[in-house]
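Below, in structure tokens: the form predicted alone, a single chain.
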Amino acid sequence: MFEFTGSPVPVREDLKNAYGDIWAHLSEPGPTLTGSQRVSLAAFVRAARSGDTPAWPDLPTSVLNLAALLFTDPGEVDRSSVRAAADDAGDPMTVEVISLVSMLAAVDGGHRGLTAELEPLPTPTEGAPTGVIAEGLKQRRTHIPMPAGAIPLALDLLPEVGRVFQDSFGPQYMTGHEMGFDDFGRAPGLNRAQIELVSSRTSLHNKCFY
């Protein structure tokens, strides 16, 4: 798994492990979706991006529209598109879909950037949704309910999802601890200034509102 076939450079093991954790998470039942629904959602947005005719998962149309837009053209996602899905399907399902599509986009984007073959989607595991949803969170100035805090906390309406999302931050960017050092760098790899340049450029390209 995650051999990055076709990549011209080696890929760090911590990044492979993080992607493996995301894949395991994708295959399992989540707070509102079954494993089959989650993997079907991933196949749907991949097909939407490639121009193929996707098989429509058994999910509300508004949620699928948001998922496809987030995966294919994230800069066009706005409050109205998010709230249309949330008003139709509820905040928990909307947050779960956003989380899965966002993490899939990171994994697939890493592969495309390295001209590597996309990783085959995992086989879903059986079971009912867990129903684990945090209480008392508010929208604040965000499109979805979340605790006060930084970007890694954005998906904490669903604690199981939030944990996987937060664990992926270190390998793909920096951990909270590493962000405290101006001279942080990877060897071999990018230094802090280079990491922030890539991050800022990506946020600008995607019209990040956060």
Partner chain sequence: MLSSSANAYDYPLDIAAIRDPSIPTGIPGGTELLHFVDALVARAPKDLTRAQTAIINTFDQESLVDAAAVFGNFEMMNRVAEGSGIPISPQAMERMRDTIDELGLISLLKS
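Positions refer to the first chain, counted from 1. In this text, all values refer to a predicted model and were calculated from it rather than measured experimentally.
Another form, the form predicted in complex with its partner chain, is not on view; read the next lines as being about it.
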According to a 4.5 angstroms non-hydrogen atom cut-off, is Leu59 in contact with its partner chain in the predicted complex? no
I'd like to know if Arg163 sits close to its partner chain in the predicted complex, meaning any non-hydrogen atom pair within 4.5 angstroms. no
Does any part of Gly113 reach within 4.5 Å of its partner chain in the predicted complex? Heavy atoms only, please. yes
Give a yes or no for Lys138: in the predicted complex, does one of its heavy atoms lie within 4.5 Å of a heavy atom belonging to its partner chain? no
Verify the flagged residues Val82, Phe184 and Asn206 against its partner chain in the predicted complex: is each one within 4.5 Å by a non-hydrogen atom? yes
Tell me which stretch of 143 to 151, 23 to 31, 51 to 59, 37 to 45 has a heavy atom within 4.5 angstroms of its partner chain in the predicted complex. 143 to 151
For the stretch 179 to 197, which residues lie within 4.5 Å of its partner chain in the predicted complex by non-hydrogen atom distance? Asp182, Asp183, Phe184, Gly185, Arg186, Pro188, Gly189, Leu190, Asn191, Arg192, Ala193, Gln194, Ile195, Glu196, Leu197
